[in-house]
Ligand SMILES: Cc1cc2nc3c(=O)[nH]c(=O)nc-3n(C[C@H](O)[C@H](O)[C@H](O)COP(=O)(O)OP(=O)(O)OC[C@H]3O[C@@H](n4cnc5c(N)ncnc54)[C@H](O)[C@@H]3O)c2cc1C
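One chain comes next, on its own, written out as structure tokens in the form predicted on its own.
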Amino acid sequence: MAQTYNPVTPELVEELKKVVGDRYVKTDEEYLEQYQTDEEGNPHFFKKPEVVVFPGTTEEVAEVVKLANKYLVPITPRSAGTGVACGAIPIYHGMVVELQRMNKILKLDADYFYAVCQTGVFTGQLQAEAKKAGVMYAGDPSSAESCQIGGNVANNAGGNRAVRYGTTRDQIYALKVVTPTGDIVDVGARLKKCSTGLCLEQLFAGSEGTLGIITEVTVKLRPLPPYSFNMVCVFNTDKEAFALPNKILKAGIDPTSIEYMGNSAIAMTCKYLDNMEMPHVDEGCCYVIVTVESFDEEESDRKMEKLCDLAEANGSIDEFEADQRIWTLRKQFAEAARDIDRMFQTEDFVVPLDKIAEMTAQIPELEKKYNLYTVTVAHIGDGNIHVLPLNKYGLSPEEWFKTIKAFHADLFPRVYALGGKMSGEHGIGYKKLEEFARCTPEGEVKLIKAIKQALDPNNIMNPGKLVDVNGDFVA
């Protein structure tokens, strides 16, 4: 049976004001429209909340959650709103809990390699403060300057350094979480190993705000390698480019990142960046960008020489050291796509390394079949492919939505047939809810629903995301 929620009443608004203060409860139209979407550009998905609440402490978050249960009003937790899977869109309206006021680094210990951060700390800020202290925070999503650490944990954000350091869940020691019933719990511990009970911090990491609201994160810091290089290897064909990562790994080079940019993606982003000039773009080539870090200068030099030899043996027509333009190019790729089409679709499927070429070789067939124009970048060191269909032909929001649904129904079974998954770092959210249920084994979906129902009996915490507990999914 489909679940119904109560509307936000004046009584609830007054109680919320008593918890967080009048100025931190917003019901005017200007604020509500700001929170009808995250980075999603298709109005088909937009839903306005009825109230936006800005708690300043964990205790205030807990009281807000208790009120949501009392009044049976759904909550959508929100960090910076940089997600692309509609995870921060309040699809049942209700209440958005905006966490931007909780933005302090509470402790940074460079001697023992950890930091304690509130959920609203920007990832780039944490990276910068760690670097000032002579250490490194290894989490590095491409949106680091605009995303926040709580959202990174909730969505298990990936990024460029995942080849060596893993995703966000690999960077965390412990979490402070407000459960869906308003309890405050501490999970995990600042330990190198632990076999005591369930690994609950890992349960909340990647749960997309459906199991609670993360208010504090204790992250791991790492020694800062003094030597590094960024090498661009240029290839005439994708097949040659996609064969390089496994050879690099087998050679023991231990790269920090291996990034791919297809020719159309390079050309599009160069144009967006005021027609920035880059080598070999006009020749139809693609780039593989390899970053290697080291604590020994001679080792760094040896690895650079070995990498160039491997690339040339694999068909590279040129290798050059990357300057800042390369990372600007890579990190501005999504903004370049958005400049062409605000409704662009960001796919982030992931496949085993040996299946990258086989999977991406199918994209031209799908482009033709669904009359799509796509551009591609990828974290090819970990098999995470970002194919971006652009609405270049001016379809209406509803027509574009139907086209993408048909594309997904064809694309994702192909990904799963190769041992892959539909999301490597962006999550499921609301946007891929139906596809996730269709592609995931029934037993796995049952387990996820059972956990959700046990922790959130009223189903108020980001309902309609990841799994359809309500049974009323309508895209």
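So that there is no doubt, residue numbering starts at 1 and follows the sequence shown. All values derive from a computational prediction rather than experimental measurement.
Missing here is the form predicted together with the named molecule; even so, the following discussion is about that form.
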Item to check | in the predicted bound form, the one of 74, 389, 150, 383 near the named molecule [non-hydrogen atom within 4.5 angstroms] | outcome: 150
Next on the checklist: Which residue, 213, 290, 241, 95, is the contact with the named molecule in the predicted bound form, using a 4.5 Å heavy atom cutoff?
Outcome noted: 213
Checklist entry - Does the named molecule get within 4.5 angstroms of any non-hydrogen atom of residue 403 in the predicted bound form? => result no
Item to check | Heavy atom of residue 180 within 4.5 Å of the named molecule in the predicted bound form | outcome: no
Item to check | Exercise: residue 345 in contact with the named molecule in the predicted bound form, heavy atom 4.5 Å | outcome: no
Next on the checklist: I'd like to check something about residue 338: if you look in the predicted bound form, is any of its heavy atoms closer than or equal to 4.5 Å to a heavy atom of the named molecule?
Outcome noted: yes
Checklist entry - Would the named molecule in the predicted bound form be within 4.5 angstroms of a non-hydrogen atom of every residue among 257, 355 and 420? => result no
Checklist entry - Which of these stretches, 389 to 397, 264 to 272, 158 to 166, 180 to 188, has heavy atoms within 4.5 Å of the named molecule in the predicted bound form? => result 158 to 166
Item to check | Residues within stretch 266 to 287 having a non-hydrogen atom within 4.5 Å of the named molecule in the predicted bound form | outcome: none
